[in-house]
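Below are two forms of the same protein chain, given as structure tokens: structure 1, then structure 2.
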Structure 1
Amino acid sequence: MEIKIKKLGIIGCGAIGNDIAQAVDKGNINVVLHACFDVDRKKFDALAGKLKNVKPRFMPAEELMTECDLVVECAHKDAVNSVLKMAIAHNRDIMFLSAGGVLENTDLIEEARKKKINIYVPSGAVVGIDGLDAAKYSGLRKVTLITRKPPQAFKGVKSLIDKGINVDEIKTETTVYEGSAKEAVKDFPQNINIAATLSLAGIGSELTLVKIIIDPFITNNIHEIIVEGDFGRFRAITENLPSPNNPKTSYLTSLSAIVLIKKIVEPIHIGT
């Protein structure tokens, strides 16, 4: 049955918000971009200036939540708690790009589920989530994520600075983290959102294993997922190119959000 989504709202006018808004502007998503919000009004103004056919309003997050049928959060994981509380209060369906924030608010997720609020999390910067979802149905035993990124991707990461690791001095492939997804999301909140997505889709953040490698010989982010269970074993490798709107954001993340919105608005499902 088709879910009637007429008005779309975006919270966060960064790279992903821009990509979604431009997809609506081009007519690629059959929905009205009703309103947007960002704590930095200049980001909204920059987004609105790129649009030719749609004219979203700048609207405070709570007001936006009351007027839109579906709200997309693409701000920061620290915004998830307040956004989710607003969605529950106003009984609104919501999509979260900040999977790490969703992982930290499982109590609110359960509250939303009881109110029959739909919560969506796109697959993000990796492929293989559909296979992981299928494997979870019976005997999913092990999920491992190996992420490789160039040194500049880790500029300013507090956990590395606290350990005295200067990414500018890394000249060879260096493993900087091995452990659970739960701790990886805490230590690398801007770099390992994928670990949270895998945890939500699979066996949880404490059992999902993560290895993070800084590799000075690559320019793109590379993510390898290894899944094992009763079905057998699969490996999925993704080499991401950056978003045209922000070199720090993988373009596939934006595309996964755009396609998921399309599926919600025009629900023709193939293999999902």
Structure 2
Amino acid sequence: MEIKIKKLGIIGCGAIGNDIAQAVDKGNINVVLHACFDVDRKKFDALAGKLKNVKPRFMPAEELMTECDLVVECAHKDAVNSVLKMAIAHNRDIMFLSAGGVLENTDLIEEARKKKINIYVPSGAVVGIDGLDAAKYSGLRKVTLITRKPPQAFKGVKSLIDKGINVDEIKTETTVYEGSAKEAVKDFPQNINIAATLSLAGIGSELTLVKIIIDPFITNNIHEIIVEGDFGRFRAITENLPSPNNPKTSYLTSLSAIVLIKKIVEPIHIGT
């Protein structure tokens, strides 16, 4: 099979951008890392400085979009709108890590779909999206995300401060949110990507249920997905460790993007 995707572009040279670039550099993805962009040029210089075998060029987003066959956005949810418009204008396939931004731009996603542009959203920080994707075709009854994080992960969260909750004083397991994914992403923006990915893959953000628990007895984030439908029921639990490039990003997120790029550029698909 001919591999059509040859040149990869990355928008956003942070934790995930670095992990992807390093995977290409190690020869783990059979693709040329042609160009990268970041609003902060120093982030690009730091990324390029860590690479031994590949030499991506620094290129403005629009130019990068015209020159690359596949572009990976791993910048910020607010970048999604302009990146999507560029992808539509230049007919380019695009992968979004900022799943929350994708959920906010469903009209543009529909426009891209009509133009037969491939849009990819990796499973990110959780396992179980493949099962949800498959279960959707059997009739889904209920999709629930239970997110459990240590108190320090909620430091500075405005919705908790507004309610007078001091996370340092939490000594027992405390549920701080229970409701729709749509409302959850407003009050807990740091949970936006998992809730958005789950909503996009399943039954939408109004019907997807989210429960958020502050757990003083754990040190790493734990996400549980429970899906019920005509296929039966599954529970998928992910216990995340942080990316070596950013303690706030789960390493599995970068790995899920790397494996999805591999699946796009290499003709072997297992477990999708």
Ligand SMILES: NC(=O)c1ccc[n+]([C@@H]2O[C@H](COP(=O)([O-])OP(=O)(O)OC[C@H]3O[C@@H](n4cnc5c(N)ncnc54)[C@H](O)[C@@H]3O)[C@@H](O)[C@H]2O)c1
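Rigid core here is just the name for the largest C-alpha set that superposes within 1.5 Å across the two forms. Since the structure is predicted, the reported quantities are computational estimates derived from the model, not experimental observations. All residue numbers here follow the sequence of structure 1, with the first residue given the number 1.
Between the two isolated copies of the chain, the first is the form predicted alone. The two forms, fitted on the rigid core, differ between the two structures by less than 2 Å at the CA of Val102.
Arg113 is not among the residues whose C-alpha shifts by 2 Å or more between the two structures once the rigid core is aligned; its shift stays under 2 Å. In a rigid-core overlay of the protein, Ala201 has its C-alpha displaced by under 2 Å between the two structures.
Aligning the rigid core between the two structures leaves the CA of Asn191 offset by 2.7 Å.
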